[in-house]
Ligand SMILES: Cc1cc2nc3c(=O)[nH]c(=O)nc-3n(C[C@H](O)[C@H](O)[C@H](O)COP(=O)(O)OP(=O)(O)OC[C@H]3O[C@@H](n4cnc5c(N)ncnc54)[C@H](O)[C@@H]3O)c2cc1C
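For reference, the chain that follows is the form predicted alone, supplied as structure tokens.
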Amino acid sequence: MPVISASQIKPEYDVIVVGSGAAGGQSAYTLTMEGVKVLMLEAGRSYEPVTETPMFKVGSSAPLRGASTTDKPFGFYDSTVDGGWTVPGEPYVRASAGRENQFKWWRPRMMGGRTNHWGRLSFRNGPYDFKPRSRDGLGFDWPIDYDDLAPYYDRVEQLIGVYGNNDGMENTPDSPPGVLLPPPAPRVGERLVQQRAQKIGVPIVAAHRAVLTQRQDAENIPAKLHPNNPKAQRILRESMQSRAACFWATPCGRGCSIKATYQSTTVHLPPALATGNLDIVPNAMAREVTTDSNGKATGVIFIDKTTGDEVQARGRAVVLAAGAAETVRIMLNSRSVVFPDGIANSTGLVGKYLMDTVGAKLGGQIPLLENLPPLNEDGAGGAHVYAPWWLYQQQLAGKLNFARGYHIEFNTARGQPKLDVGAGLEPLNGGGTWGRKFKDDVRRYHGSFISFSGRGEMIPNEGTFCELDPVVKDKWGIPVLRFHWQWSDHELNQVVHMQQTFKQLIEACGGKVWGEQPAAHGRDAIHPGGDIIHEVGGAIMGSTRRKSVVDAWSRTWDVPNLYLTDGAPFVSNADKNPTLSLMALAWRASDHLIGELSRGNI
């Protein structure tokens, strides 16, 4: 992938984009396709999935047979390089007491950011999700409605390629006809859960994931996404033609050399670079947004990690898309005479109302899935089906002891055997076996286990926020973040409900809970904040500058040429995974920025 060094940047750009993941990639794509000159700053190294993805590799060819380690928590072949829960030389501080109130900060340090490692689950927020306070009196309402974002959901789904069905579920919007790709058929275990879940009223439908189950319509989609722009249409057509449909060869978390899955590095950045309007500087650690005496953004100061030099990049506008917490950090470190408490922070709300997805899990063993004959269950590297939240009416009627919902993801099937395959079978085979009997037991029980995970909505609260630590700095002398985290009873009660539902599902399939039993209290079941890697908020969107950081266009109230297009402006964090909404908001904000540039307002 062509990139430039810090010494090669031009004197000035139209827009500087900080971050190259879903938000930065989408922003750069939208801007450059319309002729805007963009400089992108990425804190990590370059990364090329076409040549760096370990396709067709098996665990036996990896160190420790591919098992998780501190450096590679998702296994040796996971695509994440130079990032993770800990980043050398880049500490952060956790200020809250209590195990359940700790925040873990996952930071990717590579081109494409988190789009290289994610579940690729791509759900639209529904109408309720934009007006949660109006519905239950908690949290905040967004200043926009579903109808404002729906056209951008349509565009993003067609651009990146999303499989799924339109099932007509409450607050789970359908896509227009022809937008979604056909979903893969459910696996055996998924079919069993789908059948038995009906007994307890849990709907199981096709998941929506950013994986190509067939080639994209490269002849017609470009004209829909870029009408009256022949150059953009040609570039996108060529980009789509370079992508192949998935043939179930490699887990998606490794990346994808055939470009079947969405990654910013294979979908957003190549066409943006092909316009000739994008320069990318990797290893560029953004420190602060600079401003003039009127408080207008003038550019970004970054550290060239290859030399340690401080570099000034100048632009007519700045887009922060570094990830919600990293964007907050840059804003709080952007202090000046005009903004002594950080840029665009006149209300003191920058860093407030962080949120993550609520998570809990439970496993089971299903005798009906024992001794299945050999069959191909590879599939699309992740879930083929899932359960959207189904209890909106019961919740509205006050029959549940928590607000907001969750969806259910689950994993079945005979995956590629790992290092621990066959371990822990003693409760099933009378205390342990060896020799031929052990081999028979492994064949019998492999694939008979199932794991359920809940992904729910957290309500923003005053006790969950981040700020600059007054003492600790990173290896470049930049002050680091200090996190405060607090779950409310809504989240703690929600995870208890999750585990009870998982237990019912396991028993409906004729199985038993395997391992840890459902917790009596939510604090013993809930994942720590940040563990689901869905943190959003910290610079929320609103209809008035007194109660928010950005307006309905993701533009900061205080600095009209500073936009935030990552998860920082999120007002709520619905149970739907945030990446699709994040990209739709980034496209919408970039359209607004293009308009402001063309009108000479910036």
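Owing to the predicted nature of the structure, the values given are computational and were not obtained by experimental measurement. The first residue of the sequence shown is number 1, and the count goes up from there.
Just so you know, the form predicted in complex with the named molecule exists too; it's not on screen, but the next bit is about it.
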Exercise. With the named molecule left out here, work out from 367 to 375, 165 to 173, 445 to 453, 528 to 536 which stretch has heavy atoms within 4.5 Å of it in the predicted complex.
Key: 528 to 536
Quiz item: Between the options 232, 206, 273, 110, which residue brings a heavy atom to within 4.5 Å of the named molecule in the predicted complex?
Solution: 110
Quiz item: Among the candidate residues 43, 549, 564, 31, which is the single one with a non-hydrogen atom no more than 4.5 Å from the named molecule in the predicted complex?
Solution: 43
Self-check item: Contact check for 18, 106 and 120 against the named molecule in the predicted complex, heavy atom at 4.5 Å
Solution: yes
Exercise. Please check if residue 319 has a heavy atom lying within 4.5 Å of any heavy atom of the named molecule in the predicted complex.
Key: no
Quiz prompt | Any non-hydrogen atom of residue 114 within 4.5 angstroms of the named molecule in the predicted complex | solution = yes
Quiz item: Do residue 326 and the named molecule share at least one heavy atom pair within 4.5 Å in the predicted complex?
Solution: yes
Quiz item: Looking in the predicted complex, any heavy atom of residue 582 within 4.5 Å of the named molecule?
Solution: yes
Quiz item: For 21 to 36: residues with a non-hydrogen atom within 4.5 angstroms of the named molecule in the predicted complex?
Solution: 21, 22, 23, 24
